[in-house]
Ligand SMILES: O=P(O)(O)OC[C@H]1O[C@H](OP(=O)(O)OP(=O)(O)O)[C@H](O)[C@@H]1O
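Consider the single chain below, provided in structure tokens and representing the form predicted on its own.
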């Protein structure tokens, strides 16, 4: 059972923390291998939501088709959440790709989940935030892949307007294109379990990429967009 805080919300119960800490933590190499086997890393010419061309695309939506890998990714984030001693009352997945991950993070840590709509309903309660919560509570944002951090920033802004706090955000993978610095400007601490550089190193071990090509991709991703 979760323990109540002073404002009536919840936090991670000590027994849940102990369970996570005593379980063998997910290794980056292990999760990389699972994602690789699911063809989540694709090289070529792709375009992101921002319109930027990228020579590598990370498609983590594929893991929703494997409950085992989906839960592994969620557990990896939970390992980091506990290790970093993050404090929060609710979990919210950035709409909509991260909702399955957020659901499992909520379940593993036994912390309530809320759902932020992309836009408020035009009928019924017309709520933007679905779920049971109290004003003043703190939300942890969960995302799958982060580029500049704009989707996290937009989600945090909307949640803050609902009289909820947002301090931390976590993702499975950071493309390392400025999200940490960008989100810090909005007083958001951003963490990830995997990084783009780690993925490129993994592809080198698979003989699918050379060190030279890795450097070319890193230089490309560093360009402004």
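Treat the numbers as computed from the prediction; the structure is a model and nothing was measured. Numbering follows the first chain given and starts at 1.
The next section is about a form of this same protein that is not shown, the form predicted together with the named molecule.
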property	result
In the predicted complex, the residue from 113, 82, 108, 145 that sits within 4.5 Å of the named molecule by heavy atoms	145
One stretch from 84-92, 67-75, 133-141, 150-158 that, in the predicted complex, holds residues within 4.5 Å of the named molecule by heavy atom	150-158
4.5 angstroms heavy atom contact with the named molecule in the predicted complex for residue 49	yes
Residue 97, heavy atom within 4.5 angstroms of the named molecule in the predicted complex	yes
Residue 61 within 4.5 Å of the named molecule in the predicted complex, heavy atoms	yes
Non-hydrogen atom contact residue 117 with the named molecule in the predicted complex at 4.5 angstroms	no
